[in-house]
Structures are given as structure tokens and as C-alpha cells.
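There is one chain below, alone, in C-alpha cells, taken in the form predicted on its own.
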């Protein structure tokens, strides 16, 4: 069992040509360094999501520049914008098609809480149909806020016990 003070990031000791580390640390280091987003741009927040991929904000610094439009190749769903009840089943279906492990970022006020729309047609938060890991506030949120959310998600993934999941699966 890992003690509470143990560092869960990639921390190795080199002995000759052999690198010694924990499986959890290596697997989580790989996962955090290669998160591939599945963009679910449903409304105006999608413009800010596109801006994050541009050179000014450079999502590539965090290993997440490969936007995948196939759910089987993505592991982070970024729901940006207003989720209507009509679209909710499609969002859930795409989430279900993603391979494990998978994470969700709710980007913007509409994806997080329904925003200013209190109507029969708008889902009052994507967390009613998906397990959300990180919320990004704003209407629309700045690209820096999405980068901050990605960093927070990477920190969360670093703390997950990944090797024990593989052994029990």
C-alpha cells in the first residue's frame, strides 16, 4: 500500500541502464501526457474551445492537441455549450462509446448548470447524464480557463490508482 506522503507523479531512480518506478506512477504519467479530447461543441463555447487549439494558447504543451472526432480514440470529452434534451441522448451515446478510462470536462455555464436557459428544452447541467470531472465557469469561458481545467484534470489523473484497476479487471 502506498503511504499518504508518497509522490504519485513519475518519479524514478536510475540504476545503471534500469529505471525503477511504480506502475501507477508510470501509467498515470503516460495518461496525463497524452490526453486526447473529444470536442462536443454544442454552442458558443465551442469557439473558445477552438481557440485553445490555436497557436496562441497551444494545447499541445499539455499533450492534448490531438482532437479526436471518433469516440473510440478519445479519452476526455469536453462538453462546451448548451445541452438540449434532444442532444442529450447523442452526447450520452458518444460518451458510452469512449474507451475506459475516460473523463469529462463541462465547459461554460450552460454545460455546467444550463446557464441562462431555464426552459423545457435545456438540460440543467450535463452532470445529469454524465459524470463530470472538472467544471469550467464562464459565459463563455476564456481559453485560459479551459487550459486550467485540463491541468486540474491531469492532477486528478496523477492521483488515480491505475495499476490496481488493471489487476482487478
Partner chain sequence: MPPSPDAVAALKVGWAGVTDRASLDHPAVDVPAADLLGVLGSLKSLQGFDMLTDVAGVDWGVGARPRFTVVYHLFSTTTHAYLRVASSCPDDAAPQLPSAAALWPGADWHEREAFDMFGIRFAGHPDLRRIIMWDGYPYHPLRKDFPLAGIETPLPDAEITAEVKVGLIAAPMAGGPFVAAAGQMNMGDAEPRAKDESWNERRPKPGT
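Residue numbers count along the first chain shown, from 1. What you are looking at is a predicted structure, and each value in this text was computed from that prediction instead of being measured.
Keep in mind the form predicted in complex with the partner chain is missing from the figure; the text below concerns it.
*Asks:* Would you say all of 61, 152 and 159 touch the partner chain in the predicted complex, counting a heavy atom within 4.5 Å as a touch?
*Replies:* Heavy-atom distance to the partner chain in the predicted complex: none of the three under 4.5 Å.
*Asks:* Answer yes if any heavy atom of residue 70 is within 4.5 Å of a heavy atom of the partner chain in the predicted complex; otherwise answer no.
*Replies:* The answer is no: residue 70 has no heavy atom within 4.5 Å of the partner chain.
*Asks:* Can you tell me whether residue 119 touches the partner chain? I mean in the predicted complex, with a 4.5 angstroms heavy atom cut-off.
*Replies:* Residue 119: yes, in contact with the partner chain in the predicted complex.
*Asks:* Any of the heavy atoms of residue 124 lying within 4.5 Å of the partner chain in the predicted complex?
*Replies:* Contact check for residue 124: yes, within 4.5 Å of the partner chain in the predicted complex.
*Asks:* Residue 26 versus the partner chain, in the predicted complex: is there a non-hydrogen atom within 4.5 Å?
*Replies:* Contact with the partner chain, no.
*Asks:* Only one of 50-58, 28-36, 128-136, 104-112 gets a heavy atom within 4.5 Å of the partner chain in the predicted complex; which is it?
*Replies:* Checking each option against the 4.5 Å cut-off leaves 128-136.
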